[in-house]
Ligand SMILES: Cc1cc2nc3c(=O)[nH]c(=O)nc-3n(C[C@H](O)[C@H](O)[C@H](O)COP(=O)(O)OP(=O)(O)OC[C@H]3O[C@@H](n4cnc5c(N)ncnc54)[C@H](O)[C@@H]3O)c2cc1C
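Below sits a lone chain in structure tokens, taken as the form predicted on its own.
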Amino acid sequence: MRDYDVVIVGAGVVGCAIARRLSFTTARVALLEAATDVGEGASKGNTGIATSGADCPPGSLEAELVRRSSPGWEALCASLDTPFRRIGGLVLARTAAEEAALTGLLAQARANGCAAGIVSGERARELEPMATPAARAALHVPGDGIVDPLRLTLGYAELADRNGVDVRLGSPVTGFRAVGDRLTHVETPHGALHATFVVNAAGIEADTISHLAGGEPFRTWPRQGQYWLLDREIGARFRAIVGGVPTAGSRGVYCVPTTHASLLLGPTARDGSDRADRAVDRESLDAVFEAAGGLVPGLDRRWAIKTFAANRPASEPEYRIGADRERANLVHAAGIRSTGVSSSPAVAELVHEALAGAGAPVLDERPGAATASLEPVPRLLGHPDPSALVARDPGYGDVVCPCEQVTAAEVDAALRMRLPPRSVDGLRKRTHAAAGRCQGAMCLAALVRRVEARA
């Protein structure tokens, strides 16, 4: 049994961000994840928008943490070898009522300290030529960006592991031991870990973890989002994120160009009870495509390469971050809904502050801690000088995934990571192999052989 100053439960984007932040300290830290890879929950299925906070409720903790995080995206993603582009967003108003609503959205953005402005429909189409001619006006938010959420989560975890965090995958928490009002051990199928402090970053299962720990009662539930993924033939034409005027119950459907030049349409927002339900249905997908088509009339289903669903955690209240009322050494990072990616850097800082305030030994910085990933892995796709890559490593001349132009050199680099892929799906997260228009039909066998050879 090993002793840890802090045990983090949950290796989604929030848990991994916390692990990275604590890895800069001298604290002994473990990160536990029930799945066999990081980012298998809500972090695996979101829009990849790094919002600047214009649409967050003014005065909320969510708005504060998103705004704290936004200015640092370029530097953070560069340090984690993670794609990021600050392309801006447009909220299109197509009716007189929607145009009138832009004034309130602008006031909300300014209340959150976000640069924003109302532009004419003509100017909106200059910023994004794909936008509908029906747009009368739009709210332009130049600070919004797009990020690869899977690479971000992996980047957080890789750096944490490099700095000594004990990342334990396939280790679900089955219980806790306590003495008085303090937790003493975290139990897993592989044994118990002695923990001086525990951080609950378990996403949809955060209420389960709090219950097992004897902490304060609260409820989380799955809010399902369904998406279309369209090919880069259309995605590469987009210059900005495009959305509609939000309703009382939803932020609505977005057209989001990804960092890989594909296009996401979605999500829906439907509360449910089955936390494992990731099924799509025709009615919901049809509604998403119809809504997206109202924003961008040129969309065509022949570009569709995938549909999928993901569950994000809903709770009341949202953004439950801080010390538990029942367990003196339990800190929650729970109820972090769809803006979890956008707020993750600042959430990690707030959890660090909460741990320090509770007496955890997290104030001393670790001498020589790495603050960035090792040398970034160049990508063949979009590289300005492919011949230079081949001269550097002949593996760049062996294209394993034709659709995404992923090479043997990139696959081998992923297999050498501190947290290497254990499956083709894990390899897809790290390299984007098998994520293109054929969804692995042409490269699956070769990828399986490479993963199994390193197993």
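In case it trips you up, residue 1 is the first one in the sequence shown, and so on. Small disclaimer: the values here were computed from a predicted structure and weren't measured.
Note that the form predicted together with the ligand isn't included here; everything after this is about it.
- Exactly one of the stretches 401-409, 387-395, 419-427, 44-52 approaches the ligand in the model of the complex with heavy atoms within 4.5 Å, and it is 44-52.
- The closest non-hydrogen atom of Ser373 lies beyond 4.5 Å of the ligand in the model of the complex.
- When the ligand is considered in the model of the complex, Leu22 lies well away from it, no heavy atom lying within 4.5 Å.
- Though the partner is left out of this view, Thr132 does not reach within 4.5 Å of the ligand in the model of the complex, counting heavy atoms only.
- Mapping the unseen interface onto this chain, Val14 counts among the residues with a heavy atom inside 4.5 Å of the ligand in the model of the complex.
- Contact with the ligand in the model of the complex, defined as a heavy atom within 4.5 Å, is made by none of Ala30, Leu150 and Ala160.
- The contact with the ligand in the model of the complex, taken as any heavy atom within 4.5 Å, belongs to Ala201 out of Ala201, Val198, Leu90, Cys255.
- Though the ligand is absent from this view, in the model of the complex it lies within 4.5 Å of a heavy atom of just one residue from Thr82, Ser210, Thr339, Asn329, which is Thr339.
- Along 169-192, these residues reach a heavy atom to within 4.5 Å of the ligand in the model of the complex: Ser171, Pro172, Val173.
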